[in-house]
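Below you'll find only one chain, the form predicted on its own, shown as structure tokens.
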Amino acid sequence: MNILKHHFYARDTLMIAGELLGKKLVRKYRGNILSGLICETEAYLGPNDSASHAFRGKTARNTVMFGRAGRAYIYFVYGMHYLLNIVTEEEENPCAILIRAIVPLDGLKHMQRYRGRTGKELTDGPAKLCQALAVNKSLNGWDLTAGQKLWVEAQPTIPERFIKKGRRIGIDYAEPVDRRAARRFWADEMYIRDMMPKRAKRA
């Protein structure tokens, strides 16, 4: 188990957002291991990014973003969904990366039960993967480098030719320059289909 440590997250957010693709997100819940390979992320660049929660400064909601890199920033949206972000860069520079999708690996039956879904819709969205992994506000501020409850493990780097970039989703409120910016990263479907572990493809 090679858990990503603080130094991995305390770097440039856009770089990390691409490098997280293919890494293994792991949740230990009720004695079971639930996991998946990260296949889509979005970068949020703090006070200089009008799409970021930190754009207008520190609040009770976003305080975790101003803290140590490698912490989980989890918030509630639409009165029904949790979303998982990972804090990046140095303290007081409130940047974060939204985990948008994973390819399921371990604990598939548990994830299906928590989601009430199977197939592609199991973890192909940020709220979906949180439900499948039993991630909620109780983990807000959690240290992902500690190797308990929720963490990220190193995996082989995805070749750059299989990494796609584009506009982020659901940020119509942001300024035009930030709406247009290519800050969403995802693994090419061919990579997921042909190069991900066989267990993931069966999931």
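No experiment lies behind these values; they were computed from the predicted model shown. Start at 1 with the first residue shown and count on from there.
Beyond the structure shown, there is the form predicted together with the DNA, which is absent from this document and is the topic of what follows.
Look at 155 to 163, 142 to 150, 168 to 176, 23 to 31: in the predicted bound form, residues with non-hydrogen atoms within 4.5 angstroms of the DNA sit in 168 to 176. In the predicted bound form, Ala51 approaches the DNA with a heavy atom inside 4.5 Å.
Among heavy atoms of Leu83, some come within 4.5 Å of the DNA in the predicted bound form. Contact check for Met65: a heavy atom falls within 4.5 Å of the DNA in the predicted bound form. Among heavy atoms of Leu108, none comes within 4.5 Å of the DNA in the predicted bound form. For the partner-free chain shown, Tyr73, Tyr75, Phe76, Val77, Tyr78, Gly79, Met80, His81, Leu83, Asn85, Leu98, Arg100 of 69 to 104 come within 4.5 angstroms of the DNA in the predicted bound form, judged by any non-hydrogen atom.
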